[in-house]
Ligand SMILES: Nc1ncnc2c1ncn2[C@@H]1O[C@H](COP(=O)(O)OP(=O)(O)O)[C@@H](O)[C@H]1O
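There is one chain below, alone, in structure tokens, taken in the form predicted on its own.
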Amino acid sequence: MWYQQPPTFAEVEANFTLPVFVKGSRQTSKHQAAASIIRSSEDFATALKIFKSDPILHWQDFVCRELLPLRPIAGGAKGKIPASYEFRTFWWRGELVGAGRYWFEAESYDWTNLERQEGLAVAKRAVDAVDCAFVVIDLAQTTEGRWVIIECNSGMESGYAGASPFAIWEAIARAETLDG
């Protein structure tokens, strides 16, 4: 749910089963777990305090979503959202131009050919639904093995995560040269 103003905890509880994930309408603030993962009214009070004072979050609308159990990966950073089996994919005019692991702070991980095929099929459905020239789709695998979309982002405002920026821009230049 997207709130123009931060909701009350009672509003969140009326619409979700805990735990929930909260973020700004554009982004999180450096993946702080305390600002994002809500398991109780105390967690919500802490997150709301951070949200209202954080230079990245305070001006954004408040977004809540279901917190799914994602396939964990080793490593990550203390105090951050737990690292999961997540990938960032870059799409130019509906075609994949780059992909890489999302959590660069975690131990190295990569998808198998089958996982990549299944994950990209889910991402492609989101790409087609969004219908944007340059879109970034973050996707992750749940603990049950299902691929889910974490979020859709503007290609111009997204970090590269584990994808090669040079390869992405070369693929876009090739696509435009062939189309042009």
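Throughout, we count residues from 1 along the sequence that is shown. Just so you know, these numbers come straight off a predicted model, no measurement behind them.
Missing here is the form predicted in complex with the named molecule; even so, the following discussion is about that form.
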Note: exactly one of 125, 146, 58, 65 sits with a heavy atom within 4.5 Å of the named molecule in the predicted complex, namely 65
Students should find that, of 70, 135, 120, 48, the residue having a non-hydrogen atom no more than 4.5 angstroms from the named molecule in the predicted complex is 70
Is there a non-hydrogen atom of residue 81 within 4.5 angstroms of a non-hydrogen atom of the named molecule in the predicted complex? yes
Answer for residue 27 alone: is it within 4.5 Å of the named molecule in the predicted complex, judged on heavy atom distances? yes
Contact test in the predicted complex: residue 102 vs the named molecule, heavy atoms, 4.5 Å: yes
Although the partner isn't part of this model, could you tell me whether residue 21 comes within 4.5 Å of the named molecule in the predicted complex, counting any heavy atom of the residue? yes
Stretch in contact, per heavy atom within 4.5 angstroms of the named molecule in the predicted complex, of 127-135, 40-48, 146-154, 110-118: 146-154
